[in-house]
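Provided below as structure tokens are two forms of one protein chain, presented individually as structure 1 and structure 2.
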Structure 1
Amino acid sequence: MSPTLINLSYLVASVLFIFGLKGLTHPRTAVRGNLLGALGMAVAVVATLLAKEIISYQWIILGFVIGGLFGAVLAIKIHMTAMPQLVALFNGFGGGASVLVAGAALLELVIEHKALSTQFTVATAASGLIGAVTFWGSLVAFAKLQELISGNQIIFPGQQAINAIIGAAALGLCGYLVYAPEQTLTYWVLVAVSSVLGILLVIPIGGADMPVVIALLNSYSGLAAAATGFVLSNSVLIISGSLVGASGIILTQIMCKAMNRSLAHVLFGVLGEAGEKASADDVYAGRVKSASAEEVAMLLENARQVVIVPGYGMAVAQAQHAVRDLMNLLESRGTNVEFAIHPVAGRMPGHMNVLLAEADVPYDKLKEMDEINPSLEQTDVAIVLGANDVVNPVARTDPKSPIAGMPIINVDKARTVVVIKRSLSPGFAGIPNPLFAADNTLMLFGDGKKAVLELISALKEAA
């Protein structure tokens, strides 16, 4: 395949990537955007495989089979609730691949005594630093989300100073690698130091802030890929990596705004500083009112406007299809039902949108936080299904709270709030929620899916 055709194929692939990203900006066009992106990747892969400098096809097929089997097993085994962990792993694999490819390219040129340009060595150093931070940071995020380690903040004295020293050391090693690239050991020392930095940057971040971290690591994986594109002089890798890096940092900025966090704090691993926490006994003692499905059904019978706020608990219970059935039943009786989607509900950006789309809930029913909040005062019943921190009013009222200042969905302003939850256990932020003890709140304790199915049965019996 001639270089002209290869470059033309890369251009076509890049255009498809851009249209794919455009499609992913709205739920209605997301599937088409995903297909366009996949088609672009297929064009890029085929063009690359047909290039003359590619290694033998035997090795490529072996890698394809191993990677394909691994991916197929993951796709079959993984639960929807574990998608955030899977995304974290994908980010990490991208960073790890960048480290290995850049390192192999450096070794190859040094062994063959070829000239090493400044562009090559700078890009190699960037791949090693960013890729290693991404890989190990993503593994820590995976371990926290998978509960292999504590999801709480892990903080020790002098942590930020140590991070700064390690970061400076990594940058110093980058400079030495550019100065003396034939010293290939420097690259692997750089990777080792950056690996420690990646771990230390993520361990102080609590589970409540993990959606932001995942978005940031996604951006890092794109930047590492773009740097590797310069190492290989591969234009489509540069473009695709840049698109992922740029879109990831934009998403991180959006997530930061949604959580009232500083982007600078995210970049340097100082998210979510712990504040004073009220005890659950002080917040809940004697004030929590529980209700049965039949009692909640009586409320819903007379409701004209119902807002459902989904959260991670809905994902765990796999209750999205039951929720859709409840929506259909209520709307068949003339009740208007809408869904309030907080930007960080669940454990990753867009988590709730994906689950509700899986259950064929119409896109126009999904309302973003800023859109739904003004109407909550006119809402008859707000149903909170497995959400916690994103509806916690202390974000507005307690400046010492770990979630102080975080914009929330104001369900406490609805006429009646029904919280479906297994227990009064706290969310990722680890703090009690005064909403559960509010005068206008009823707790419907139980598994999310079972509780919604009981609500549906009670409504039908009452008809």
Structure 2
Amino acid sequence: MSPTLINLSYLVASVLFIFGLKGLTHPRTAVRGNLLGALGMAVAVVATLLAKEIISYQWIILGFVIGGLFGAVLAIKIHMTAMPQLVALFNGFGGGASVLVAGAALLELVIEHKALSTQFTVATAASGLIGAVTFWGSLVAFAKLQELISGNQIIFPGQQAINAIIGAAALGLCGYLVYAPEQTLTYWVLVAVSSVLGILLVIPIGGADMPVVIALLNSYSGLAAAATGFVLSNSVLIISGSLVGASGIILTQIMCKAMNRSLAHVLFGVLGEAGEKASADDVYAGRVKSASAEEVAMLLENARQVVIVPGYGMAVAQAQHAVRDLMNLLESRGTNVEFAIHPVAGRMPGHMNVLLAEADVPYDKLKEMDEINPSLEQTDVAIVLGANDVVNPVARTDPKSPIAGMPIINVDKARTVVVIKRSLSPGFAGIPNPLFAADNTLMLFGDGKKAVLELISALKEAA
């Protein structure tokens, strides 16, 4: 295949990627969009395989088989609750591939004593740096979400200084690589230092900030691919890399806004100002009312408008199917049921929507925070299911709290709030929630799934 034809195929692939992403703007066209993206990838891969530089296929086929099997098995077997760690893992492999491709290109040119342009060396350094940070950062995020290591914030003294020094060292190595690219060892030292940086950047970040981290790493993997595009002077890599980079940055911004945190704060492990924390005893003492499933069922029986606020607790309890049954039962009695989705509910952007979609909850029932908040005052019963910080009114009332200013779902304005939760334990932010002690709140203690099933049977008995 002539280079012109190959480049034209790359153009076709880029256009398919853009149409693919465009398809994702609506659930109806989304499946087709994803297929278009996959088709674009296939076009690019086939065109490359026909390129005249490619003369031996055995390693390629072996790589396809190993990688394809591994990827496919993971993608098919994974539980929807484990989606965030899977995306993190795939993301990491993309970054790792960029490191290796840039390294291979550098080695090849040096071995063959070919001229190295500044564009090539700068891009190689960028690819090594960003790719290694993405690879190791993603692996740490995976390990945290999979609970192979503690999901808590891990902070040690001098952390930021150490990170700054390592970051500076990585940049220095980039400079040296550009200055003396023939010494390919520099590249691998750079990769090693960047790997340490990737680990140190993600280790301090706690579970609550994971949506931001995953979005950010997603962006990095795109930038790594784009940098590899500059290494190889390949337009399809540059275009698709920038698309992914842009998507990751946008999601990162959305997540940060949803938590009222700056990106710098997330990256450097600052979880709000320390401030004075109200102790749980002061907030809850004697004011928490617990209710039985039967009592809550009675409330629901007379409700016209019910809003369910799912949180990660629902995902952990695998309660989404039970919740769907509850919704259907209530709707069959003429109650209007809606779901209020906080942007950072779950562990990656939009995670809660996927879990509810898995349980066949129609997506027009899923309302975003800004859309549902005005209607909460007319809501008879708000059911909070395993959500915590995203409904904590302290964010509105106490400027000293770690979550001050974070937009929340205003369930406290509903006529009655039912909180389904195992205990009064705090959420990610580690602060007590005065909502649990509010006058209009009833606590239904128990495992999310069991509690919802009890509610369903109580409702059925009452009928």
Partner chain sequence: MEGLIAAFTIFVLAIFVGFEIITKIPPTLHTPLMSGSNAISGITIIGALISAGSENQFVPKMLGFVAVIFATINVIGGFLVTHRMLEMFRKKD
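Counting starts at 1 with the first residue of structure 1 and goes up one by one along its sequence. Between two forms, the rigid core is defined as the largest C-alpha subset superposing within 1.5 Å. Everything numeric here is computed off the predicted structure, so don't read it as measured data.
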Form predicted together with its partner chain: structure 2
Any chance the CA of G151 moves 2 angstroms or more between the two structures, core superposed? no
I want to check N392: does it shift between the two structures by 2 Å or more at the Cα, with the core superposed? yes
Does G245 move appreciably between the two structures, meaning a CA displacement of 2 Å or more on the superposed rigid core? no
How much does the C-alpha of Q318 move between the two structures, in Å, when the core is lined up? 3.6
After superposing on the rigid core, how much does the Cα of L424 shift between the two structures, in Å? 4.0
